[in-house]
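Below, in structure tokens: the form predicted alone, a single chain.
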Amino acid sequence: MRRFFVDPAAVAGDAAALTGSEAHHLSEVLRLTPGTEVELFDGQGTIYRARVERLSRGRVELHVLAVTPPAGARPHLTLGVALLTGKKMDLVIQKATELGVDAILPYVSRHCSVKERNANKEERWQRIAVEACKQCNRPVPPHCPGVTDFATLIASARADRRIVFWEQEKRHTLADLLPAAAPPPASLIALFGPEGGFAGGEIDEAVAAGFTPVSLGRRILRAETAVISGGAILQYLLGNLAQG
């Protein structure tokens, strides 16, 4: 069944409407016709099964057939990701969304090749997250605010468990910090460094802010690989990849 993002304000009782790019995609790209059933998600957790009723220029009217309310609470995972070059951030946003990560916080650290905030890229990341939600049947896109800096990020981080992945860490592993026999924390934030690695002193600053350095193993991973694989492992350890 095709999925579309609907503005919560555009749903009233058993009536819903799509406008803009979503209406264009349904009517002009996919060429769906009245009577077709689709799935709508409002970005706040509610899912609607709906039937296309009327098509007009720039607008699609639908009849809501069934409503699935938001799911219950589960461990909340936030990834702090240093800005990466080229389209690597696009890939990270897409895959983190597919994995069910709750928030992605882009930031600038001292060794980042990309230093300046780009509003166009931030809007692009939001679009990528919404498109990924359609693909993976996810009702709520991850929170992805504007780019911040490393010092602000670690000072404002709020989570029951805070970790920073560091290739030079020799003591702590994820198995140590998140043992399978223990209940998972209600919230966790994990920091991933830039392509050039964390600068001298940044790990000390993170530790002082309550973060624990952790290793992903003996191999040196590409920055985007570290984020995607680390996010997947964390979701598994938190129980967020289980059925149901």
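The first residue of the sequence shown is number 1, and the count goes up from there. Quantities reported herein were computed from a predicted structural model and do not represent experimental measurements.
The protein also exists as the form predicted together with ligand SAM; that form is not presented, and the subsequent description refers to it.
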With the partner absent here, would 171, 177 and 211 each sit within 4.5 Å of ligand SAM in the model of the complex, counting heavy atoms only? no
Heavy atoms within 4.5 Å of ligand SAM in the model of the complex: which stretch in 145 to 153, 158 to 166, 128 to 136, 90 to 98 meets that? 158 to 166
Residue contact check: residue 48 to ligand SAM in the model of the complex, 4.5 Å heavy atom: no
Given that the partner is absent here, does residue 41 sit within 4.5 Å of ligand SAM in the model of the complex, heavy atoms only? no
Closest heavy atom of residue 219 to ligand SAM in the model of the complex, within 4.5 Å or not? yes
In the model of the complex, is there a heavy atom of ligand SAM that lies within 4.5 Å of any heavy atom of residue 194, even though the partner is absent here? yes
Partner-contacting position among 215, 36, 187, 68 - heavy atom within 4.5 Å of ligand SAM in the model of the complex: 215
One residue of 223, 23, 16, 234 in contact with ligand SAM, assessed in the model of the complex (non-hydrogen atom, 4.5 angstroms): 223
